[in-house]
Ligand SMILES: NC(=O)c1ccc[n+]([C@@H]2O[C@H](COP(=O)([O-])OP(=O)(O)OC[C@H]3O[C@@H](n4cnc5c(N)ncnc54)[C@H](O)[C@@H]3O)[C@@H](O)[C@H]2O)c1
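Here you get one chain, nothing else, as structure tokens; it is the form predicted on its own.
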């Protein structure tokens, strides 16, 4: 992988101003990365955000969430005059031919997508569409198959027979949190879903200089590609977690097994990493969505139900490891390194640790929580834990282990690999580590005298 600073210099060197003006509705995770990326590629970008607090931060060049290198790309794009944030969607619709829809599509209790924000976007576009001007609406939000067709129908419905010239495309995003800026500029592929081939050339103008193949499909196929991709990644994670369980029973080391599997070009090593389960805003949501779609079409989602069950069961596995290591949990001090669902982000949505915390509290443990970036999100979203006398949230990794009985690693920040192990050993009451991501060097850990437990390894034989 090319380092981001090198890639940034390369992008700056090859930058050319583009004539196309692009509007972005929604400056959340996908919308902001897309806005910054397109502006950096030379397009003039108007981004609409209705949340006043978030909008004020963005206008000041402050990202409302953490993503590596996003802040400097944001400031650069604003200072160059290529990126502006606005609170009037009518201005965006009037000035921009290409309008990206990047609004949220959360999952409802019935595990289907909530289309409220998409419907609201369609209404706003319909209300402000100028007559006799073609507009191309590009859906970036993750949506169920068939959404683009519905979006176009809804706009015409709200227009009430007024003259309308719009086309709707689906161009799904494949951004990994913690690597979003790199992924934007270096996609594996660009999927352009259209139902009217006359706009293909128009859309490829935006993406022609990206270093990736452009695949032209229907809008429904593009929407399914996004869902199916995430469902496959979820399947891959649950698969290797299942293999790690059998490794523990067969006295095998999961790291050797996964390397042997991953070197097969048909499989690959990415997402073939055992751990305590996947989380975040994409994989759990999209897995639930594809299960719902299968059921709606009366197809048994047996594979995806199994993937979901395996993932949910990982908390039981980590709890069993904690109980086995400590013998008794009540009254013990347990340090958790990791609140975000993965390294490189402050996103705590669907983080496995959120399931672990209440179980440990119920067992009578005292918790010390540490994460390089996610503590503020945790405090804001779970204020009840901030006042819980059994929970301490710290901003210092060494403070987190003072008089601790065990460290449980739940995500994979590089900082954990760089700690002073001798200092950690001396600060803990009983130096025990459960590495839920297998990120530490077990030989080095053992030399310092730690009891060290990994995923996918039989402890008695290790």
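Numbering follows the first chain given and starts at 1. Given the structure is predicted, the values throughout are model-derived calculations rather than measurements.
Absent from the display: the form predicted together with this ligand. The rest refers to it.
*Asks:* Does any heavy atom of residue 29 come within 4.5 Å of a heavy atom of this ligand in the predicted complex?
*Replies:* Yes, contact at 4.5 Å.
*Asks:* Answer with yes or no whether residue 54 is in contact with this ligand in the predicted complex, where contact means some heavy atom within 4.5 Å.
*Replies:* Because a heavy atom of residue 54 falls inside 4.5 Å of this ligand in the predicted complex, the answer is yes.
*Asks:* Check whether residue 146 has any heavy atom within 4.5 Å of a heavy atom of this ligand in the predicted complex, and answer yes or no.
*Replies:* Residue-level check for residue 146: no, no contact with this ligand.
*Asks:* Does at least one non-hydrogen atom of residue 262 fall within 4.5 angstroms of this ligand in the predicted complex?
*Replies:* Residue 262: no, not in contact with this ligand in the predicted complex.
*Asks:* Could you spot which one of 85, 150, 182, 117 gets a heavy atom to within 4.5 Å of this ligand in the predicted complex?
*Replies:* Checking each option against this ligand in the predicted complex, the one that comes within 4.5 Å is 117.
*Asks:* Check each of 308, 236, 349, 332 and return the one that places a heavy atom within 4.5 angstroms of this ligand in the predicted complex.
*Replies:* Comparing distances to this ligand in the predicted complex, the residue within 4.5 Å is 349.
*Asks:* If the criterion is a non-hydrogen atom within 4.5 angstroms, does every one of 50, 173 and 177 touch this ligand in the predicted complex?
*Replies:* Affirmative, all three are within 4.5 Å.
*Asks:* To test your reading of this chain, name the stretch in 277-285, 366-374, 297-305, 214-222 whose heavy atoms come within 4.5 Å of this ligand in the predicted complex.
*Replies:* Partner-contacting stretch among the options: 277-285.
*Asks:* Sequence order please: the residues of 133-159 with a heavy atom within 4.5 Å of this ligand in the predicted complex.
*Replies:* Contacting residues: 140, 141, 142.
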